[in-house]
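Just the one chain here, the form predicted on its own, laid out as structure tokens.
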């Protein structure tokens, strides 16, 4: 008599296990469990709340970076840290801690970010400079502009902006809840709009996208402007959250904006994006650092381990076809 075959996994379980975002959330859960086990459960809720608060900014810039990377190999925005600093410094100084100026400051931050995006794509399209070099070069220019404009001092935000950026509901950061809704909206844009599908098509095969009637140059232009605009918005809210705009406020987001995209399941080869994984990756990155801090490891070890994890994920993700 033949042995009974093991029951096949339900289709929905198989589908979930195949989702690239699953591993980011699983990794975040395991790191959190390791942390609270070490602390014997103390501060478990506070750690999650802090991860949501700090992860918010990685997700905001990660969404823009994700769209850029989806355009295909070689596309990446390295000007994000400088754009955050530039937009934060300009908007904070113009608002001058006046609550009535908050809407104008927000528009200025958007304008600063959009201007950087236009400049970036001008270097890429008109001067034929590779995106990596173009965005890195512009970052020096706009970082210098931020230094000159802000004169190297920390510019404080209006009180209401600071209160909103740090406010919580039932222990959950309001800004994180807003960003979750925004990420859901950008997922709809990616999968349900002409623009989002065009970004994916360009990343899969620019030549085929061109022959199918897609304006490849226009899609790339809009995407670089989107990335820089989100960086400007992030700089605006981060200034409110951290108590002001400072010259190094965006430094850590050069790595974070790329890491959350890759760990979140977006293909580094382009043509495949995953918005759902950004939050899982952002939580994982913060919780990983928290765990290493809890274990008493130094900054050098934290950086090495973070780098090793990112390289490992890129190696795995690199085998994913853009058409998958």
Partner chain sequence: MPEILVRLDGVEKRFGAVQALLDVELTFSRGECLGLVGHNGAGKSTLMNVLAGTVSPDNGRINIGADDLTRGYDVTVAHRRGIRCVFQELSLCPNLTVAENARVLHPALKGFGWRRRAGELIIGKLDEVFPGHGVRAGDVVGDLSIARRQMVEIARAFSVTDVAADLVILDEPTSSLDSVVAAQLLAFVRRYVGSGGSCVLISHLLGEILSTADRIAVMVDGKVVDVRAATDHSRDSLVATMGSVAKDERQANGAATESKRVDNALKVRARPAGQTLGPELLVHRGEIVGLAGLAGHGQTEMLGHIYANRGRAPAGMQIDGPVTLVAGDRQTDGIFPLWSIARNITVCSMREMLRYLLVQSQSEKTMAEDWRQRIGIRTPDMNNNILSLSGGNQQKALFARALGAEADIVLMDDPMRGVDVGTKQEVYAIIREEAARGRCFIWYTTEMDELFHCDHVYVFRNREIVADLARHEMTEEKVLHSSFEAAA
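The model shown is predicted, which means the values in this text are computed figures rather than measured ones. Numbering follows the first chain given and starts at 1.
One more form of this protein should be noted, the form predicted in complex with its partner chain, which is absent from this view; the next part is about it.
*Asks:* Counting any heavy atom within 4.5 Å as contact, can you tell me which stretch out of 158 to 166, 186 to 194, 172 to 180, 105 to 113 lines its partner chain in the predicted bound form?
*Replies:* That would be 186 to 194.
*Asks:* Is residue 98 a contact residue for its partner chain in the predicted bound form, using a 4.5 Å heavy atom cut-off?
*Replies:* Close contact is absent here: in the predicted bound form, residue 98 is far from its partner chain, nothing within 4.5 Å, heavy atoms only.
*Asks:* I'd like to check something about residue 55: if you look in the predicted bound form, is any of its heavy atoms closer than or equal to 4.5 Å to a heavy atom of its partner chain?
*Replies:* No - in the predicted bound form, heavy atoms of residue 55 and its partner chain never come within 4.5 Å of each other.
*Asks:* If we define contact as a non-hydrogen atom of the residue within 4.5 angstroms of the partner, is residue 208 a contact of its partner chain in the predicted bound form?
*Replies:* Looking in the predicted bound form, residue contacts with its partner chain include residue 208, since a heavy atom lies within 4.5 Å.
*Asks:* Applying a 4.5 Å heavy atom distance criterion, does residue 198 contact its partner chain in the predicted bound form?
*Replies:* Contact check for residue 198: yes, within 4.5 Å of its partner chain in the predicted bound form.
*Asks:* Even though the chain is shown alone, can you say which residues of 270 to 294 have a heavy atom within 4.5 Å of its partner chain in the predicted bound form?
*Replies:* 270, 271, 272, in sequence order.
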